[in-house]
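The form predicted on its own is given below as one chain in structure tokens.
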Amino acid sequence: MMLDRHPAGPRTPGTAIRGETVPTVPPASTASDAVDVTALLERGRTLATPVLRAAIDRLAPPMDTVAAYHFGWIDAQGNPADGDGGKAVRPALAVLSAEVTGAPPATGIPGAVAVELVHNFSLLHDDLMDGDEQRRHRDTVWKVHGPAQAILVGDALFALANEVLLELGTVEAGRAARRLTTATRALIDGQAQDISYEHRDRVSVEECLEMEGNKTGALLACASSIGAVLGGADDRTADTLEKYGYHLGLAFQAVDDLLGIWGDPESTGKQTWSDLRQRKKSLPVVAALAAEGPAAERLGEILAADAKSSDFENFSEEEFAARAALIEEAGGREWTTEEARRQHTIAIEALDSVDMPDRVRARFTALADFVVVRKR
């Protein structure tokens, strides 16, 4: 899929404070205003969770317990828990996309579960590779159960995802599995790019967008089409829904990048200045470095020195705050905010060429609005 490029460079940023809601989306349409997004997300979660739990129960001990901990169903001691299972955007999209074809929401459930399994496979591995100790306000799996279990359970979730689809035994299930496998490969490509970029002094905006399109856009694209595929949609319809999801994923990741630097830890469940601590070449950083001016130049010098520093892990809050301030001064924050808005617009416009009931279209629009106006 070709990526739409953004020709404009960073602009002078406005002032903002840490932890505020990222203002990325234009006012929602009247139709989308009428949608209860919380109920829509809860519908996807409620329909998918029993099938997801049944899939996890197939895992051999202790992988079943480790996976249950990751999903927030039990605590570290094995007691039942009501943990934060994430936003459930992908299951909501998968269930909703089935309705594009006129099929009942239940048609999309295997797709919703398969996409959620792949997403969590990536989270388990990413947390370990990135050294993240917290996710959803709890210790990550590798911190509690060790790196080996994080790797094994992640692998098992990926295998389960394909099993859940292929055991349907239909032509549509085979088509859905092929799209999921393609999306998973792109996701892994994106993670590999992300890691390699951490060791480079400079990454272009185009490279960053390609990486984020792989890492986040590909799976959201799949989620947005997989229910429709299971409902019998033709390839043109599925491809167009994937375009919606792909650009929604880029908007989603742009907001994540903003929250990774300026998000409130109480909302995000991660450390302050999380992405700066990991030397991530996220969109605000890359856009700031691509700008002209003294702030961009100074930022480049500091980040180059950071890469050679043996004391980086001991930097103070003030040192990370100073780097965030330079990124904002160079225009990285405002450029990323505008990019989230632009990608959101492209996603919504893609829906225009798909024939679907008005209520389904309004729900797709409302989910897109939700994705880019959030604090976590």
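Quick caveat, the model's predicted, so the values are computed rather than measured. So that there is no doubt, residue numbering starts at 1 and follows the sequence shown.
Beyond the structure shown, there is the form predicted together with another copy of the chain, which is absent from this document and is the topic of what follows.
All of 125, 152 and 188 within 4.5 Å of another copy of the chain in the predicted complex, heavy atom check: Heavy-atom distance to another copy of the chain in the predicted complex: all three under 4.5 Å.
query: Among 201, 167, 266, 301, which has at least one heavy atom within 4.5 Å of another copy of the chain in the predicted complex?
result: The residue in contact is 167.
Item checked: Among the candidates 144, 103, 159, 74, the residue which, in the predicted complex, approaches another copy of the chain to within 4.5 Å (heavy atoms) -> Residue within 4.5 Å of the partner: 159.
Proximity of residue 85 to another copy of the chain in the predicted complex, heavy atoms at 4.5 Å: Although another copy of the chain is absent here, residue 85 would stay clear of it in the predicted complex, with no heavy atoms inside 4.5 Å.
Under a 4.5 Å heavy atom criterion, is residue 305 part of the interface with another copy of the chain in the predicted complex?
Flag for residue 305 set to no.
Hey, in the predicted complex, is residue 60 touching another copy of the chain, heavy atoms inside 4.5 Å?
Residue 60: yes, in contact with another copy of the chain in the predicted complex.
Does at least one non-hydrogen atom of residue 232 fall within 4.5 angstroms of another copy of the chain in the predicted complex?
No, residue 232 sits far enough from another copy of the chain in the predicted complex that none of its heavy atoms falls within 4.5 Å.
query = Which of 282-290, 171-179, 223-231, 240-248 has heavy atoms within 4.5 Å of another copy of the chain in the predicted complex?
reply = After filtering at 4.5 Å, what remains is 171-179.
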